[in-house]
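Given next, in structure tokens, is a single chain: the form predicted on its own.
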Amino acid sequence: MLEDEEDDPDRVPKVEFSAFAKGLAERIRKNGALTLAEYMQACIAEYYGSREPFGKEGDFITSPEVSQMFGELIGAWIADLWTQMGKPAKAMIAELGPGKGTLSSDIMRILGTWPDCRAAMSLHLVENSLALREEQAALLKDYAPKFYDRVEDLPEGPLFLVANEFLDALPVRQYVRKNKKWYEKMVTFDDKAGEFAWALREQPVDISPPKGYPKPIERDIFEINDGARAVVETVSRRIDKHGGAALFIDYGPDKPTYDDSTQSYKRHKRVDVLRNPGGQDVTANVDFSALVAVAEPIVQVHGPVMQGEFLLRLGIVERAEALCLATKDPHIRGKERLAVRRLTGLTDMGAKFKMLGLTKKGSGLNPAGFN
């Protein structure tokens, strides 16, 4: 069924054989190779359900952990849109994949600057990990968060939704160009070498990259994230029906490109995607052009723009200076100024991450940060 499997008995096995990895290998022996999406889905569920991945002591750090300013500015962004909407008496703040709850905590805290806005807002979190739910509930107890398994489960009403590094963790499928045809990339297990390995499905698949992609050449890799597109479509239809806005923050190109963007990090270092299944994060770049194509027929799309541009327009430099003036501690002053460079720098998170905004068509809303 499969081809292109490596067969070198002298290779040193790369897999760290946890109980989960052994179970995944047995699943492949019994049922055959997994699509990349199936492999990612299984590994991500195990990873987030069994460890603390965030922060300096984890495997990676996200923008909300870099500085409180990130969440504060997004909170102010929401308050401004709520005001533009005529200050509805009831509205929801929803976060997809809230991590440790840091972003929602900073958003809700800064909304206290606008008491009417804070009073109007209820907090809703889409989170599958029971361990993370417990951590989020403890941090956010003052805001009485409600939890959901899916975006579709969020209650009806005006919605202000934020998704920071959520879409990149959704499983992708990959197709490799070979002899002018597309073959799906699979994950198998090489018993001789004692490790997981890449393979191609034997039969080609009938797919065509959407408009905007260049003409493919030999060995090009077409990557598609059906889950990300489904989330954006669901959120778009919610905004179209009930009003509000959404902000998607993630990394990836804003133009269609062929690439293998899957990646894994362990203790802040990039590692082999197949090395430690379930024991390390597995992500892929977000195709913003595909998200725009899904959303544009339904809602007003803003961006994508680089995170650095967005935060600078929202006043991150001014906020940092205000925090510096409020303390005499040189360490804190240096930390906030360093955070500005990290969050906005063209060689750091400022260019890597993009912001994509959605509002209801004809609402007249003008979300800050996009122009």
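For clarity, every value in this text was computed on a predicted model and none was experimentally measured. One rule holds for the numbers: they count along the sequence shown, beginning at 1.
Not pictured, yet referred to below: the form predicted together with a small molecule.
Though the partner is left out of this view, residue 190 does not reach within 4.5 Å of the small molecule in the predicted complex, counting heavy atoms only.
Although the partner is absent here, residue 48 is a contact residue: one of its heavy atoms lies within 4.5 angstroms of the small molecule in the predicted complex. Within 4.5 Å of any heavy atom of the small molecule in the predicted complex lies no heavy atom of residue 72.
None of the heavy atoms of residue 288 is located within 4.5 Å of the small molecule in the predicted complex. Heavy atoms of no residue among 197, 221 and 264 are located within 4.5 Å of the small molecule in the predicted complex. With the small molecule left out of view, the stretch that reaches within 4.5 Å of it through heavy atoms in the predicted complex is, among 165 to 173, 296 to 304, 240 to 248, 79 to 87, 165 to 173.
Of the candidates 97, 145, 252, 279, 97 is the one whose heavy atoms come within 4.5 Å of the small molecule in the predicted complex; the others do not. Site annotation in the predicted complex: the residue of 236, 225, 105, 129 reaching within 4.5 Å of the small molecule with a heavy atom is 129.
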